[in-house]
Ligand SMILES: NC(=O)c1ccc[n+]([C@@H]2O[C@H](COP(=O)([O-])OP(=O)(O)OC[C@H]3O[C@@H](n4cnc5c(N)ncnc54)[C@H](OP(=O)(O)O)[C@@H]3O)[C@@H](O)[C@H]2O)c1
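Next up is one chain by itself, shown in structure tokens, the form predicted alone.
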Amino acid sequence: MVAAVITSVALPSSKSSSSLPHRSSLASSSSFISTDKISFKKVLPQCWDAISTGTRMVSIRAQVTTEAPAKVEKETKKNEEGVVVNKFKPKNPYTGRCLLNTKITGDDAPGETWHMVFSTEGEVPYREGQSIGVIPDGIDKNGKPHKLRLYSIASSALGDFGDSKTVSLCVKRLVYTNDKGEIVKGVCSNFLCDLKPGSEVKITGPVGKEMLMPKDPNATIVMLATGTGIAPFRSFLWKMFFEKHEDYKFNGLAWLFLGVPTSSSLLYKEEFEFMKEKYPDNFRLDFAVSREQTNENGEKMYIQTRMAQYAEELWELLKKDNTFVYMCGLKGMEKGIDDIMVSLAAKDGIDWTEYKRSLKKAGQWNVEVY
């Protein structure tokens, strides 16, 4: 019997969360129909619909031959079959429309982050982990059209509405004061965050294969995100836990670490908590809120600080062939994570730099930082 469930989740308000558990347990999911609520209809076991709007080494004898050796195709551990790249280029972008655009950070958060959904009518066939380019309207100071900016896609290949006809982004509005004391607004981020439903958007791509999901549905996938670096992992997690696929059912372990400055900056918190509640054996969730949390030594809780609490467990996972690490967000976290791994690897007589290189070669260590 098919069960229909309606969920309605209020977005973060100006009031910060009163407490944040050390290990979060969980709550609800989303598509966006207004600026103050997330509302969804889930028809189980179907996907979510919107109410509205090692290579083996062998030895052989050397032989003299006049034929070229056969090319050995390297087998990838990622799901790259049929991946489309650069279907739309800057000179001939796809024109989509903004369907929804809503702020997903609290009023007291240090900066605004918006979730937006664009129509594609299925013309921009992307995969989880890819990116699209956006060309903002207008011209630059030289009178030329603005150049595209790349953004990680925040929706699964089916899109937030489950019909493969939309693409979603998670964008932080860039506003800063320069050396002259002038307020500077990022061209593309402000263009996107200010979009109204119905507005046209010039889209390029899709691009990228670095962050594609593993083929193995029984894999352990460790996801490390800061801020809007959460985008590709939201796309992973929707496919794993919010959708039904004939050729894919996730039975492994997904472990997400999300680092933000304040609890009102936690992105998609309700969605992730709902996943944890529904799939406690397959999903682990850890937040690192740097301005509100500290570790036992009183140090600020950055993403690497939170990871350090599970260092031994993470290292054991990294020794397995079916563990994949994905890192997306601010470049600074990469060094902090390396620092943790160096000492752990050394205990086993392993050089971390070399080991990480081997992980990258095998597609098990994937980084997209800025």
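Numbers for residues come from their place in the sequence shown, where the first is 1. Keep in mind it's a predicted model, so treat the numbers as computed, not measured.
Same protein, other form: the form predicted together with the named molecule, not shown, and the subject of what follows.
Could you check which residue among 308, 317, 342, 330 gets a heavy atom within 4.5 Å of the named molecule in the predicted bound form?
Residue within 4.5 Å of the partner: 330.
Heavy atom within 4.5 Å of the named molecule in the predicted bound form: which of 162, 214, 229, 206?
Answer to the contact question: 229.
Please identify, from 219 to 227, 88 to 96, 239 to 247, 274 to 282, the stretch that has a heavy atom within 4.5 Å of the named molecule in the predicted bound form.
One stretch meets the cut-off, namely 219 to 227.
If we define contact as a non-hydrogen atom of the residue within 4.5 angstroms of the partner, is residue 302 a contact of the named molecule in the predicted bound form?
Because a heavy atom of residue 302 falls inside 4.5 Å of the named molecule in the predicted bound form, the answer is yes.
I'd like to know if residue 293 sits close to the named molecule in the predicted bound form, meaning any non-hydrogen atom pair within 4.5 angstroms.
It does not: once the named molecule is placed as it appears in the predicted bound form, residue 293 has no heavy atom within 4.5 Å of it.
Could you tell me if residue 264 has a non-hydrogen atom within 4.5 Å of the named molecule in the predicted bound form?
Because no heavy atom of residue 264 falls inside 4.5 Å of the named molecule in the predicted bound form, the answer is no.
Report whether the minimum heavy atom distance between residue 152 and the named molecule in the predicted bound form is within 4.5 Å.
Although the named molecule is absent here, residue 152 would touch it in the predicted bound form, with heavy atoms inside 4.5 Å.
Can you tell me which bits of 235 to 266 touch the named molecule in the predicted bound form, meaning any heavy atom within 4.5 Å?
Contacting residues: 259, 260, 261.
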